[in-house]
Ligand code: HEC
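Okay, so here's just one chain, in structure tokens, the form predicted on its own.
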Amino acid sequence: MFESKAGILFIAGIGFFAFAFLSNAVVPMVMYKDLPEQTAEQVVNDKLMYQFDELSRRYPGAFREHIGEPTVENCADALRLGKQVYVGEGCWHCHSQFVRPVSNDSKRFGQVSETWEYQNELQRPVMFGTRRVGPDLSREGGRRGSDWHAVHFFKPKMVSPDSPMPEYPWLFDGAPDQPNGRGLALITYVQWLGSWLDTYPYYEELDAEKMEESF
């Protein structure tokens, strides 16, 4: 058997599987075994806080009612709830959160994901995903404003006419400009994705706008 073509391919397949397991599982595990797992509070950064504050100014009534003040602690709580909503609504069925080093992923979704990015409580379980009905969301944060996300969650076809994504009106109190607590939390979670990278795009634009407003 092992001298046949099928046998050779079988052995090669096992070898490639073993190599992939070692390089993608064992090696990173050994490299980062001493890296502590961060809490939601610890992953809140200036870029996300800018978005969180922006969210409080866009929807002041809903924000005060469901979240309160735009503090680090409230942002961390919103991230936890947003992750629960993301999982509960099945967003991970159609969106992955892992930019792979193959198939031109980096050209489509941004730089390839690294192990350290998943060493926090919000990445348990990790939403690697397999289907890509929609784009990978690892670098989604900051690419669009929170108002765009609100409309997209309320009625996707209003901003993406060809989108197969279902509507989520129960995340709002009647209209896209009236997100409820779960809606605000989901927007916060999406805006967090990729905020730990220097390539986070929307932040610099918002910062420039804020500086102009201050004069």
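All residue numbers refer to positions in the sequence shown, first residue = 1. Everything numeric here is computed off the predicted structure, so don't read it as measured data.
The same protein also exists as the form predicted together with heme C (HEC); that form is not shown, yet it is the one meant from here on.
- This chain is displayed without heme C (HEC), yet in the predicted bound form the stretch 82-90 from 98-106, 111-119, 82-90, 68-76 comes within 4.5 Å of it by heavy atoms.
- Using a 4.5 Å cutoff between non-hydrogen atoms, Leu186 counts as a contact of heme C (HEC) in the predicted bound form.
- The shortest heavy atom separation between Val190 and heme C (HEC) in the predicted bound form is within 4.5 Å.
- Using a 4.5 Å cutoff between non-hydrogen atoms, Met127 does not count as a contact of heme C (HEC) in the predicted bound form.
- Using a 4.5 angstroms limit between non-hydrogen atoms, Thr39 is distant from heme C (HEC) in the predicted bound form.
- Using a 4.5 Å heavy atom cutoff, Gly134, Glu140 and His152 all lie near heme C (HEC) in the predicted bound form.
- The partner is not shown here, but in the predicted bound form the stretch 147-173 reaches within 4.5 angstroms of heme C (HEC) through a heavy atom at Trp148, His149, His152, Phe153, Pro156, Ser160, Ser163, Pro164, Met165, Pro166, Tyr168.
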